[in-house]
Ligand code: F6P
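Quick heads-up: it's one chain on its own, the form predicted on its own, in structure tokens.
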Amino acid sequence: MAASFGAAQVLVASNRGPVSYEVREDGSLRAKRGGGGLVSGLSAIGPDTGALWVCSALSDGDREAVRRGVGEDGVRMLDIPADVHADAYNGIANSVLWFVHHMLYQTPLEPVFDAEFRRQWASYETYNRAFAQALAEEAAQGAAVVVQDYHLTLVPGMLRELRPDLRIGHFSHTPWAPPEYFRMLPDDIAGQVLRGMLGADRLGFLTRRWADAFTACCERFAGGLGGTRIGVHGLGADADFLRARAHEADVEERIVALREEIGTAPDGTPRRTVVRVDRTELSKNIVRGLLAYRQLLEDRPEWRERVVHVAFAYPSRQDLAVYRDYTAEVQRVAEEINERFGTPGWRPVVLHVKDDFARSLAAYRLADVALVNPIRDGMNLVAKEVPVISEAGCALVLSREAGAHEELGEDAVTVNPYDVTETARALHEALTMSPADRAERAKRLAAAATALPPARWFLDQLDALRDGARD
């Protein structure tokens, strides 16, 4: 058996990997590298550690790269059949587990756990098993494996059966549902998810609240945690990267264009800005944010022509009808506000739906107020990123249901994400905050937001996994 072990000493498993491929018109493949905390983390541990990233082929270009044997050093991409991946990713991970953990179901009508759900669940099992088998093949004796997120909840248990010698960790980037909501899943499926997770030596969560919710589910439905340890690692913003990237030439160009869109107040002073940058995920609560801004303009006429809501709502999961409908509603409400309150020289909402990272950073720099009002969020890095690079020292209006609230709530203006009237009042409070108060709060927010930057976040998990033996 030992002869069949791979050479990798540190392995990461996630649905999306650090590289993607597209097929050019001439048939050649072009590789595009990604970023993020895991990429930073693997870079931080150095090239001589035998690290490997196991991920799924997501596109036709990715699958073609696998078929041709094209790949990047340190990456193994799995060519899971497209229909199996679609069932596992969209059918189960994004349409069931995501909805449970974010508590998004409209329960009079959904969910419906029928024969189609069972068929898709079988694909989710197949997809998880493919990862477990690949990790078992590639891992050296006693290697450390860090599995990522709700897409791969069954992998730790499956891998434990194949390779009991490994140190296995799992990290959840989402909230975890409380027992009363988690039990909405069929009993056998809920049991599978928990047993799969408890196959790990150590489980990581973004906040104590989500860790406690998982523990409560285990105590209620799985007889406790067994030998699995729990840790909390609050992923922070990468201050050095953000500050450098936010002053590159393309961002400077976007600032000029944004300032022109925002314009000046009738008295010639710069208009104030309320900035939000989100993907149009249902949990982000963009529509209620727009409604709160509309309420502000209704209740506080003095802000008309003096403030602009810069709202970036970038497309997400547009292959799912409910997300397409939500994106359309965001656009409809923004247009309604502009039609109702706009003047020839003032567009109250500047809405962009095409993803543009440089433009997002430009908006961060110009932000007077950052609006982050999710219904429920594992962390929400936007809440941490804007204070780091806002030039004016922005005020933060923050939902109490964002994971980031655990660290930032003391210096934010806290809102109930469902309460549009309260959010409108919070926007007014943030806009009228004294410059000194705003600057002092922004300084503390930035310090808290960068306390655990991505590379350190990953290495802390790895160190904890290596240091602690399974009880």
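The structure displayed is predicted, hence computed values, not measured ones. From 1 onward, residues are counted along the sequence shown.
FYI, the form predicted in complex with the named molecule isn't displayed, but the following is about it.
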property: Listed residue that, although the named molecule is not shown, lies within 4.5 Å of it in the predicted complex (heavy atoms), from F131, W98, Y326, W121; result: W98
property: Contact assignment for the named molecule in the predicted complex, among Y150, F312, W303, W176, heavy atom within 4.5 Å; result: Y150
property: The named molecule contact in the predicted complex: R183, any heavy atom under 4.5 Å; result: no
property: R279 within 4.5 Å of the named molecule in the predicted complex, heavy atoms; result: yes
property: In the predicted complex, N94 touching the named molecule (heavy atom, 4.5 Å); result: yes
property: Contact test in the predicted complex: R254 vs the named molecule, heavy atoms, 4.5 Å; result: no
property: Full three-residue contact with the named molecule in the predicted complex, heavy atom 4.5 Å, for R16, Y89 and R317; result: yes
property: Proximity to the named molecule in the predicted complex (heavy atom, within 4.5 Å), stretch among 360-368, 213-221, 167-175, 267-275; result: 167-175
